[in-house]
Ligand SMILES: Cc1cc2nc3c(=O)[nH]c(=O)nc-3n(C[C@H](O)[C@H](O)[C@H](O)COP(=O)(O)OP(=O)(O)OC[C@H]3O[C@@H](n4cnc5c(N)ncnc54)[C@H](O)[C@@H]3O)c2cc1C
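Next up: just one chain, as structure tokens, the form predicted alone.
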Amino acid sequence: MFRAKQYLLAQSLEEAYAANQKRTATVVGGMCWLKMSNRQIQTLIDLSALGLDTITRTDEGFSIGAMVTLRQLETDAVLNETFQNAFADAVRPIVGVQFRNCATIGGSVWGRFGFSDVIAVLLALKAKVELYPTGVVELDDFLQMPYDNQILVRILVPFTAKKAAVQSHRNTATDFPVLVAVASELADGSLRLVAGARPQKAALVNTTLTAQSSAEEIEQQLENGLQQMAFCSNMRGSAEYRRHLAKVLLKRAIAQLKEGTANAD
């Protein structure tokens, strides 16, 4: 369990950012992972007074505050109707309802965890992140950035993608995923494919597939694209097993897109 000397309920982003410049300070989300650490924290920074716990539909897409819980992503009707239930499908296998009621999207995204189902679906939807003080950054670029002392304010999900489909495999229910696969169809008909839990963080699969691509084209391009990706082994599965799973699950996700159905799992 961590120990903290001071607790700060930030009243502004400026206050939170200033406090976070000290190496001994930590911004808290749902504390699902932090509570399992054994460390001394000088200042615990809480963002819950900044109104960042809402999902808002705008003319450009959705604005999701950093303090929005995974359970909110799962149950928000408008968000899930827009993207073919992709967010609900992505977070539903994560531990249990009690955990999802605590875990925040900000914590999931800031952590840039390799096992993150949430990052995989956001990457497929061409999401952006808003950082204080930098501003809006493409999620692709954010995933490559080093950890720093900025504040993650919100995640912006544009209407660039018409729909998305999520598939994942776990060895046992509620465990970390062995592989996460997400396919989205963009407005121009092209497909954006993502493989996560490789076990590295989610990344795009290099293909030129479209919603009209034939089964043969899908088979060949997935084979070529996945051969270019790095997969590694750990206690949950080997690199080759993950590569095989990625192909199988991405084909299922593409089929799900074409059928226009939500994941029934």
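Because the structure is predicted, anything quoted here is derived from the model rather than measured. All residue numbers are counted from 1 along the displayed sequence.
The next section is about a form of this same protein that is not shown, the form predicted in complex with this ligand.
- Shown here without its partner, the chain carries 62, 80 and 137, none of which come within 4.5 Å of this ligand in the model of the complex through any heavy atom.
- Checking 150, 75, 190, 160 against this ligand in the model of the complex, a heavy atom within 4.5 Å turns up for just one residue: 150.
- Contact with this ligand in the model of the complex, defined as a heavy atom within 4.5 Å, holds for exactly one of 211, 218, 50, 32, namely 32.
- Interface membership of residue 57, defined by any non-hydrogen atom within 4.5 Å of this ligand in the model of the complex, is ruled out.
- Of the heavy atoms in residue 95, some are within 4.5 Å of this ligand in the model of the complex.
- Residue contact check for residue 202: none of its heavy atoms lie within 4.5 Å of this ligand in the model of the complex.
- Within 4.5 Å of some heavy atom of this ligand in the model of the complex lies at least one heavy atom of residue 170.
- Of the candidate stretches 81-89, 121-129, 181-189, 151-159, only 151-159 has residues whose heavy atoms lie within 4.5 Å of this ligand in the model of the complex.
- Interface residues of 37-71, taken as those with a heavy atom within 4.5 Å of this ligand in the model of the complex (partner not displayed): 39, 47, 66, 70, in sequence order.
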